[in-house]
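Take a look at this one chain, the form predicted on its own, written out in C-alpha cells.
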Amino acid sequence: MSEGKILPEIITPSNKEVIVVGEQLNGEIRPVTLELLGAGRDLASKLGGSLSCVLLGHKLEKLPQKLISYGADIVYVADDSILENYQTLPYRRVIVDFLSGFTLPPHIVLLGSTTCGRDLAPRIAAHFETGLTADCTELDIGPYEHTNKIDPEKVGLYPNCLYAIRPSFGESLKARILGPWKNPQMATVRPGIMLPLKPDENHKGEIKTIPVDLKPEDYRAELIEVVHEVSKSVNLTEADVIVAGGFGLGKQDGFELIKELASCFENVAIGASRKVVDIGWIPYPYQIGQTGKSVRPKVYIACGISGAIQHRVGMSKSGLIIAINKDPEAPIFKFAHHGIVGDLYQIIPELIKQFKSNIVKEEKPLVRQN
C-alpha cells in the first residue's frame, strides 16, 4: 500500500456461488466437467458459498445425480432436443438467460478450455461485459489491493477475488490474472489439469430445471452432422496410459515401435512432442504440451523426448513418468519418476517382451493379457 494508508474495502455484490458450465457427449459427462467440480469445490469453500453445475442436453437421465456425487450442491438442467449436441447460439441463449435470472450475479463461472468451452465462454463474458481468463492451469481465491490512481474510483481492497493463473513464456513465469470489478468472474481451465473429487453417493444436492426459451435468431445456424473423434487412440485426456514419442525416435517409422509398446496396455493413447508434429511425422491431435493437449494419465512413458518446458507443461502432473532417452543430461530426467538411459530401439523391445510375458503385475493390471 502506498503512503501507509489503509485502503477501503470494495465489495462487488454477488451471491458467492461458483458455477461450472458442464459438458456432456453421447450421454456421458466429459471428464473436464468433473475436474472443474473438484476445483470449484475448493473455491466455494474459500468463498463460504455453494458449488453448482449447469448442464445442457437431452434425455440426461442419471447425469445430474452423477454431478451431485462429484461435489455439486445444485445441478441446473436444461433439457431439450435442440440441446442434444452443442450449438453455439442455443447454448449461449440458455446460459445467458440462466445467469441473468440471479438477483445477484454468481461470483465465479468456470468452463473447460475445450472446443465448446472456448467458443461459448467469450460470448457469455461479452454479454455481461465481464472479464475472462482463458486456458488456466491453477485457480485460487485471494485479496487484491488496487492502488492505480488512473482509476481513482477503483482504488481499494477487493477481497475474495478469483485468481486465474495460467503459464506464460513456456511456464517459466505464471501470470495471475484478476478481474474484481464485475461478477461473474470467469475462466476456462485446461482439461487434464485439475483433480476431480472422489464420487460420494451420500452427498446431498438439488436438481433444478431451467427453461429453454430460444429466439428466432438462435436458429440462424443449422447443425447438419456431428463428426466425433476419428480415432479412439487420439483420446489423450481420458487415457490411463500414454506412450509418447519425440524427435529422439530419429525417423517417422519409430512410431510403429511406439504403437507396439502401447498395445501392451489397456485404455492407452499415443502422444507426441511438438517437434515431431511440426515435421509431419504424426498429426497434430497427438501433440502434448503448451500448444497441444494437457494430460494427467496414471502412467506416461516418454520415448526420445528431451523434456523441454513447453512439453512439460502438458504432462508433468502425470501419476508416474517413465523417460527413455540416450542423453543422460536430458531435462526430462529432472522430473521423471524413473529414467532409462540408452538406445530406445534396444530398450523398448525388451520392455515389450517383459510386459507381454506378464512380469509386471498389479492388483488391477494396466497391462493387457495376450
Partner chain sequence: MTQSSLKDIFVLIKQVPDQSAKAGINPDGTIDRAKAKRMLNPFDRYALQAALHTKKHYGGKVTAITMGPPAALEIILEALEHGVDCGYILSDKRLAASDTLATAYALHKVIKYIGHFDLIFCGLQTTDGDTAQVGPQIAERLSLPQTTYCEDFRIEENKVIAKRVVEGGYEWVKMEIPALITVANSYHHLEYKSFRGARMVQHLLRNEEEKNKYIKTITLDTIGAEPAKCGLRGSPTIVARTDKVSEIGGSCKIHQGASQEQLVSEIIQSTNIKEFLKL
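Residue numbers count along the first chain shown, from 1. Note that the rigid core is defined as the largest set of C-alphas that superpose within 1.5 Å between two forms. This one's a predicted model, so the numbers in the text were calculated from it and none came from an experiment.
A second form of this protein, the form predicted together with its partner chain, is not displayed here; the remarks below concern that form.
Student: Taking its partner chain as it sits in the predicted complex, is Ile301 in contact with it (heavy atom to heavy atom, 4.5 Å or less)?
Tutor: So Ile301 counts as contacting its partner chain.
Student: With the partner left out of view, is Asp135 within 4.5 angstroms of its partner chain in the predicted complex by any non-hydrogen atom?
Tutor: Residue-level check for Asp135: yes, a contact with its partner chain.
Student: Find out whether any non-hydrogen atom of Ile82 is located within 4.5 angstroms of its partner chain in the predicted complex, and reply yes or no.
Tutor: It does not: once its partner chain is placed as it appears in the predicted complex, Ile82 has no heavy atom within 4.5 Å of it.
Student: When the contact criterion is heavy atoms within 4.5 Å, does Pro122 count as touching its partner chain in the predicted complex?
Tutor: Answer yes; at least one heavy atom of Pro122 falls within 4.5 Å of its partner chain in the predicted complex.
Student: Among the candidate stretches 282-290, 71-79, 99-107, 202-210, which one is within 4.5 Å of its partner chain in the predicted complex when only heavy atoms are counted?
Tutor: One stretch meets the cut-off, namely 282-290.
Student: Heavy atom within 4.5 Å of its partner chain in the predicted complex: which of Gly248, Gly131, Gly156, Pro196 fits that? Just give me the one.
Tutor: Looking at the other structure, the residue within range turns out to be Gly131.
Student: Just give me the single entry in Ile270, Leu257, Ile141, Leu178 that has a non-hydrogen atom within 4.5 angstroms of its partner chain in the predicted complex.
Tutor: Looking at Ile270, Leu257, Ile141, Leu178 one by one, just Leu178 meets the 4.5 Å heavy-atom criterion.
Student: Which residues, if any, of 250-282 lie within 4.5 Å of its partner chain in the predicted complex when only heavy atoms count?
Tutor: Result: Ser263, Cys264, Phe265, Glu266, Arg274, Val277, Asp278, Ile279, Gly280.
Student: Does the distance between the two CA positions of Ile340 reach 2 Å or more between the shown form and the other one, the core being superposed?
Tutor: It does, since the Ile340 C-alpha is displaced 2 Å or more between the shown form and the other one after the core fit.
Student: Does Pro328 move its CA by 2 angstroms or more between the shown form and the other one when the core is aligned?
Tutor: Yes: Pro328 shifts by at least 2 Å between the shown form and the other one.
Student: Comparing between the shown form and the other one on the rigid core: C-alpha of Ile301 shifted by 2 Å or more?
Tutor: Shift of 2 Å or more: yes.
Student: Shorter or longer C-alpha distance for Asp200 and Gly319 in the predicted complex, given it differs from this form by 3 Å or more?
Tutor: Compared with this form, Asp200 and Gly319 lie farther apart in the predicted complex.
Student: Any idea whether Cys264 and Glu35 get closer or farther by CA distance in the predicted complex, knowing it moves 3 angstroms or more?
Tutor: Between the C-alphas of Glu35 and Cys264, the gap widens in the predicted complex (3 Å or more compared with this form).
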